[in-house]
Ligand code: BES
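Only one chain is shown below, in structure tokens, and it's the form predicted alone.
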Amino acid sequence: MKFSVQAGNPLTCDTPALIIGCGAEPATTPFFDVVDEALGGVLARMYESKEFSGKPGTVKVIHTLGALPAQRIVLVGVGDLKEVTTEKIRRGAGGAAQALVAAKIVSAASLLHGVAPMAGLLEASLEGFSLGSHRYDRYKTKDRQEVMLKEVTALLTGTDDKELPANSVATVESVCNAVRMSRDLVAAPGNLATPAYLAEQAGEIAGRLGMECTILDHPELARLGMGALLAVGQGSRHPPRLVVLEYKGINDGSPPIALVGKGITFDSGGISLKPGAGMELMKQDMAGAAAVLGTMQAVAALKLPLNLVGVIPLAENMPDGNACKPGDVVTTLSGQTVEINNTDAEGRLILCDALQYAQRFQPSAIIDLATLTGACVVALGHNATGAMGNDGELLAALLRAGESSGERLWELPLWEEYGDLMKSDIADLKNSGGPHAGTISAGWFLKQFVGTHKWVHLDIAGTAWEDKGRHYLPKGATGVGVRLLVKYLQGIAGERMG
């Protein structure tokens, strides 16, 4: 999607659709009166008849029938204008985008960002338009959405200074392109998105944006001693990979931040087979890997002044005659041994080797993302990502980035007592602690492989996929983690530049 910013009068704007943010009280909404007057008072009558309320999440498309150069007016409810937030604007824009896609409108102009004198509303609205209009239809041969929303122009009515908005627009485009790419990877079926395919995509991104890319295949993983990663992938005809992306945005010798993303390209559960109902969605078990790839792409496109390394373990968890079995013991890259008492707790196995490998870069911090536990969905539902770690400042910074980006986090405890759940009778650790505190015990397990480095684990099991579709999250993959991490990394870059 392309964005542009221009100074203009909404009453003379010739566009297929003019998007206006509307409060609960129409009299306080900017430009409401002048547009309503041009339309003969129809907008006010819609409020009076309760046909439109201005509540957050409401969208109404009205044909102007030639009364304005704009062919349609799209009313977007944002609620009380004194309580407007960037997330409300982002969601409103997403709802408007879905309405425009349904109406097969390819371009629009927007005043949504002008509902309140608040920083960040322009960027939030553009994010909502881009992400709300996204669709994955690669395999559609019938009923394909041929007409998509392709361009949105943000109208500036009070200033001719477009330099700052133009910079903001370029940033939003880069980040949203990365989110859309991440969504497409997660949505891709398992017969396409194999470990080899994702490694190829990583190489393409690195080549296009000037990053270093190293891909370790089965023999190299065996030579290094990544017994946990190899164990998960040994039941599949698609061998595992470890992808390492390096972005060097500043040449001052500063250590990189390490991002680690779980990349189970399809999770059958292995010998501990999952139920058949809903198993098709286990193609999304590589959403953590996709988030890391998307973040690396966005950071490189934005040329942020920092160093970043992405470590992505990739495997397919399948139950053939060579698959690992409950009761098997493997030796991890760290040298610690793990009893596999549940082959469906495979994500932490591939992550433990990847986290250990990430330490080789002596990172200033390690952040991992994984669709790790169903227990996190039980605890937090689909509105928050579970977060835990060993450093309060890193956690606090990510929590702030979550609030700002709309990808909210909720901290869970990581007390040492939870480690009792992961003790094995025959090995150093076991990979599953049973039905209680499943998210926390998994996080505690990962903590054993980060050494003394600052580290945060993000369990995105509940936020990586949207079942129904809402505002800027259409049904399917959400691309969660990309905007969160970019927001956090922009803060780091700003501190170093400041």
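Each residue number is its position in the shown sequence, starting from 1. Computed from a prediction, not measured in an experiment: that's the story for all the values here.
FYI, the form predicted in complex with this ligand isn't displayed, but the following is about it.
Just one listed stretch, out of 77-85, 365-373, 183-191, 412-420, contacts this ligand in the predicted complex at the 4.5 Å heavy atom level, and that stretch is 365-373.
Between this ligand and the residues Asp344, Glu123, Glu173, Asp428, the one pair within 4.5 Å by heavy atoms in the predicted complex involves Asp344. Though this ligand is absent from this view, in the predicted complex it lies within 4.5 Å of a heavy atom of just one residue from Thr385, Ser130, Gln284, Ser405, which is Gln284. Of the heavy atoms in Thr29, none are within 4.5 Å of this ligand in the predicted complex. Using a 4.5 angstroms threshold between heavy atoms, Asp353 stays clear of this ligand in the predicted complex. A residue is said to contact a partner when one of its heavy atoms sits within 4.5 Å of a partner heavy atom; Leu43 fails this definition for this ligand in the predicted complex, lying far away. In the predicted complex, this ligand lies within 4.5 Å of some heavy atom of Lys274.
For the three residues Asp267, Arg348 and Ser432, a heavy atom within 4.5 Å of this ligand turns up in the predicted complex in every case.
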